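Quick heads-up: it's one chain on its own, the form predicted alone, in structure tokens.
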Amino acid sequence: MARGSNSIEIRPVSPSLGAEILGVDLSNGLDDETFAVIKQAYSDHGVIFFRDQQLKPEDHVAFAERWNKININRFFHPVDGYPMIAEVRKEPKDKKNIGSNWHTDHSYDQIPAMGSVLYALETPPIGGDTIFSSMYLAYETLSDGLKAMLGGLSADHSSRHVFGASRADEATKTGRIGNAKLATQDAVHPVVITHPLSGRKALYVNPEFTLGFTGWTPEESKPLLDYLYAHASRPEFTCRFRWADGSVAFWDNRATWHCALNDYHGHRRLMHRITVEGESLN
């Protein structure tokens, strides 16, 4: 536990990643000293959480823009009047949620997003937690031999198989996800990246958007990817966040995976998400 500017408290939520930040009102603007403390916590912990926030859309946008330009989401239904805010919603009648598989957002872009700021407006009485996993630990706990091999590899990522025309499920039928014709993104990234903020090495493949290793066939790629996915989701690499109305999570897409649990059938869950632009990965 650490304290920063103006009695801000940084409270780790697990030994692996994640920290709650207390003593900050995100609707009130952030002075440079406070922002520096938050930025360091983001670098140190991979995902940061805030409780009991009362954010207008303008406040949400202002916090995101403090980090970088906003990435306008192509596929999620936007909030009325605010195209930069994506709606993440599940109604009581819906059976499936969005984001229930382990993934990192926007790895299919040539310049992947830095992170996503998710704000909870309406949460179920129990359930609907999000789990995060550290890709720093996923890399650091590999054998030296596997690290050496992965260090020379790149991987292919795509949006086509997730958001393209082949997707026909409840989320598309209810309009929560759309614009299949815009799912044309393909990208190649190193399998091991050096994080641009922390300088640490991280594993950069994920089960949702990674197709395979560049230059390898799908059949050749699958056994090693399956091993890496099982390894990277080990419980000791994770933290779990229980949402409440007014909670905010800001995760680093370069250093973490996340998945949203779908265990609250019959209840509504409404979140607003802004994705922040990143930089090229090496």
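Residue numbers run from 1 along the displayed sequence. Quantities reported herein were computed from a predicted structural model and do not represent experimental measurements.
The next section is about a form of this same protein that is not shown, the form predicted in complex with ligand SIN.
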Can you confirm whether 107, 189 and 211, the three residues that make up this candidate site, all sit within 4.5 Å of ligand SIN in the model of the complex, judged by heavy atoms?
no
Looking at 71, 130, 159, 123 here, can you tell me which has any non-hydrogen atom within 4.5 angstroms of ligand SIN in the model of the complex?
130
Ok, 202, 98, 85, 142: which has a heavy atom sitting within 4.5 Å of ligand SIN in the model of the complex?
98
Residue 250: heavy atom within 4.5 Å of ligand SIN in the model of the complex?
no
With the cut-off set at 4.5 Å between non-hydrogen atoms, does residue 237 touch ligand SIN in the model of the complex?
no
Give a yes/no on whether residue 155 approaches ligand SIN to within 4.5 Å in the model of the complex, heavy atoms considered.
no
Could you confirm whether residue 195 comes within 4.5 Å of ligand SIN in the model of the complex, counting heavy atoms only?
no
Ligand SIN isn't shown here, but in the model of the complex, which of 213-221, 253-261, 45-53, 24-32 has heavy atoms within 4.5 Å of it?
253-261
Within 8-39, the residues having any heavy atom within 4.5 Å of ligand SIN in the model of the complex are none
